[in-house]
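To begin, one chain is listed below as structure tokens, in the form predicted alone.
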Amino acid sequence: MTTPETFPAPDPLLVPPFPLHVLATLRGAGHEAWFVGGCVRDLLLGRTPKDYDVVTSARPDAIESLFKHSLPIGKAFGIITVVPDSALFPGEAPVEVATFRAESTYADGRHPDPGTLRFTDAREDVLRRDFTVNALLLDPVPPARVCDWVGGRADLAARTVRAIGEPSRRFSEDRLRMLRAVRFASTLGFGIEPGTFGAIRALAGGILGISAERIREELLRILTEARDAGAALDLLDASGLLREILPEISAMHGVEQPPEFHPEGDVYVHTRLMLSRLPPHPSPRLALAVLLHDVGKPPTARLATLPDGTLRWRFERHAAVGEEMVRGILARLRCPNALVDDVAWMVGNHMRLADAPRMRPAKLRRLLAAPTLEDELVLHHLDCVCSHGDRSILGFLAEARARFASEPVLPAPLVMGRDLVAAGLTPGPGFKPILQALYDLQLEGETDKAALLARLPEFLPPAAP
């Protein structure tokens, strides 16, 4: 477009006071200023924006001079973060203010080279952005209006994610935009324009040039914010991005399962169905555990002959293999250690819940005391309803939790190391298995300390000849 389309904004516009203050301050100093990006898109869609971005003709030094509380993070790219005074704007978030700019080269496929950045006008600024629906400019002052240089209004109405200009150029500038396209489509319930999607498929191999941390954040947002995480997985798969960032999930395609237990289909189909049934806004831990719970099946799949001579697919130790694979996958994505440990535990443990009715009381109590239990129960529920449909284990576990509700699931141990010393034992590594064995007896119902100590000889190592 050589001239923008201008149209009225919805009324009322529920914009928090601080972003309005930032805009008014810039305009009061004689600068052009607009809201831009996701906040405009979300307001037009009737959604509540997570944050607000402002674009302006003011240069970075001028922006800093206007606001007492600001952070120069991104100043080399013309961006200043303005921080609210908590006394005047309690609970409000910072606002990112960027000078109108144009960029020519992106040496690292993610960030514009500061040496090629030049300050410009509103039209050039929006033309260098990623997608049309993110490039609308909003003036919230009544009568509020929206300025559209790129056809974003039509794409909002058509519920379409479309790259601005030549898609291949947009994605070559910033390869993370390929994942962002999938995220926007998945969270907004939009489609991706065919030319834009074709460029993603052609350039998907370049996504690994982006830092693992950035890929992880986009992936987690897709899994936890998508309207249908299963459909989002299909979109990642069709785009070619899945095989680049999670080849272990792509490997699930065509891995057959016994139809009596998995009438729904292969391992990929089963996983996709479970993702589609995730509750709204799941924790990253739960979303990753659902995605990865059967990641150990492809490498352990084999056809076994049953006693009656029939063949059946078996996946021996797939949970244990999957647990180790999860550690490698999440380390590759630079996930925090606590998240890695939790997801690995859930994947390694997901088959054990079915054994709960046959567990000794001590083992059952430990199972119910796991800090990941609530998410494990959801994982088990999804695993069942998306395969054989038998959810009887959940009923058993609910009854077991009710039985233990009047006391701590894991009470304090009655026998401690000092008791072993008092019994004449020398402290050392051998204390741990002895204390563990006595504690298991306690969990199984022995609540008399003297009785536990009386059984101490059963757990001592044999005397040397």
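For clarity, every value in this text was computed on a predicted model and none was experimentally measured. Residue positions are given as counts along the sequence shown, with the first one as 1.
The discussion below concerns the form predicted together with ligand ATP, not included here.
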note = Among 130-138, 143-151, 273-281, 366-374, the stretch whose residues bring a heavy atom within 4.5 Å of ligand ATP in the predicted bound form is 130-138
inquiry  = Since the partner isn't included here, can you check whether ligand ATP sits close to all of G37, K50 and R221 in the predicted bound form (heavy atom within 4.5 Å for each)?
reply    = yes
ask   = Which of these residues, R162, H318, R180, H350, gets a heavy atom within 4.5 Å of ligand ATP in the predicted bound form?
value = R180
message = Only one of F197, F100, F184, Y268 gets a heavy atom within 4.5 Å of ligand ATP in the predicted bound form. Which one?
response = F184
query = Applying a 4.5 Å heavy atom distance criterion, does D174 contact ligand ATP in the predicted bound form?
reply = yes
